[in-house]
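Here you'll find one protein chain in two forms, each presented separately as structure tokens under the names structure 1 and structure 2.
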Structure 1
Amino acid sequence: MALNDNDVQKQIKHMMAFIEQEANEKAEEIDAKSEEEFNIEKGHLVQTQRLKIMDYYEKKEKQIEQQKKIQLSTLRNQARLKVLAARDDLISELLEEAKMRLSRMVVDLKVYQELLDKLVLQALLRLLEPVMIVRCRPQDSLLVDAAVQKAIPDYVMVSQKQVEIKIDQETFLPASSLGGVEVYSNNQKIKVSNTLESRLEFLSEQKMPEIRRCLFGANPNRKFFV
């Protein structure tokens, strides 16, 4: 059945309203969804970026802390080394002074002769060779000669061995050295060094812990020291 004009108009108007309503609803839907997506997207972006920034700065802060610790440790280390160096310097001073005093002592010939007597005999008794060569400073030749003469009978008595002792005329100890003697086996392959320098060196090294303790006090770090 055909519709008359009025009905058509009414239908058309209905449809138009319907179309408009549908469009509005769909547009609202789109807007609502876009708002939702906006929030999600923004929230997500902000969160991830924030985390990244936080991590970055946390790491940087840790780095600085570490740097500080390293610097502090370096400073402390340097300080410790300075103190140890100062100690070392004082020990060197001590040894230099010892050498100085020894050199003054040997100027007194009576004292030096007595000393040489003992040094020579001790060196001979250490070496215990049938033929021995005694070396000394050029300026000590006479004194050493006397010392050797005195030593021979004592040596023979103690060791019960005959011995031949030569005084080296070709090679001497440096004239600037402090004094004392070196004694060699005949083929010069074995040496006993009884010079004042070598005695000082040997004894100071042996006594170094004691020397340090006397000069600087006991080490507080050694808790179980017997």
Structure 2
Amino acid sequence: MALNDNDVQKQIKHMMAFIEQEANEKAEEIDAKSEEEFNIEKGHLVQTQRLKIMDYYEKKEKQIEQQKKIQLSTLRNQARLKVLAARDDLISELLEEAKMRLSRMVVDLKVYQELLDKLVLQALLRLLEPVMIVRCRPQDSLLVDAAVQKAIPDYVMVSQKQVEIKIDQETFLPASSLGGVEVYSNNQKIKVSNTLESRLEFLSEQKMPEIRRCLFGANPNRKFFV
């Protein structure tokens, strides 16, 4: 049966409508899939950037915390050094005060003579040489001579040895020093210093832990065993 023009036109319109519907459905499917892929990619990018931002600020926070710890440690160390410097200054002042008291003590010739007697005998017994040279301040020559004369019999009695003692008349201790004596072997290669400065230095070093404990209290970071 032959189709007339109207039937042909109808079939053509029907086919065109079908094709158009298929095209629209396909376009909608492509749009939907594209939007889904876009949303997935967008979500992935957002998540990636969010993780990067979180990681960045986490590192920044750790860095700031580390800087705070370093600054706090620096401030504590500076404060500790200032305290130690202040303590050292106080001890230096006390030692200077001790020197001032010694300088006033030697003005009393009776007291100073008794002290020289002990210093000379002690130095002789520490050196124990057959011939010894005693050196003193120029202003102490007479006092030291008296101390030497007094020390000789005590030295002989304790050491059971004879001794020759010379008082150095060419080289002296500084006149501005506190006093006391230095005793040398005859060749001057061995020396025992019993000046007031050396005695003060020796005693301050020996008693320094006790001095610090009296001034500043016990150090919790140190253990002393008796």
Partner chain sequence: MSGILHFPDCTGTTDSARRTMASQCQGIQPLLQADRRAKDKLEDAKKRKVKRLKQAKEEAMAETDQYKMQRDEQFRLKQSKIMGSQGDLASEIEEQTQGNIQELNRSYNQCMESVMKQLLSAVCDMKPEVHVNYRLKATS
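Numbers given to residues start at 1 and step along the sequence of structure 1. In this text, the rigid core denotes the largest set of C-alpha atoms whose superposition between the two forms falls within 1.5 Å. Keep in mind that this is a model prediction, so the values were computed, not measured.
Enquirer: If only one of the two is the form predicted in complex with the partner chain, which is it?
Expert: Looking at both copies of the chain, structure 1 is the one that matches the description.
Enquirer: Residue 9: with the rigid core matched between the two structures, does its Cα shift 2 Å or more?
Expert: Indeed, residue 9 is displaced by 2 Å or more.
Enquirer: Rigid-core fit: what Cα movement does residue 18 have between the two structures, in Å to one decimal?
Expert: After core superposition, the C-alpha of residue 18 moves 3.2 Å between the two structures.
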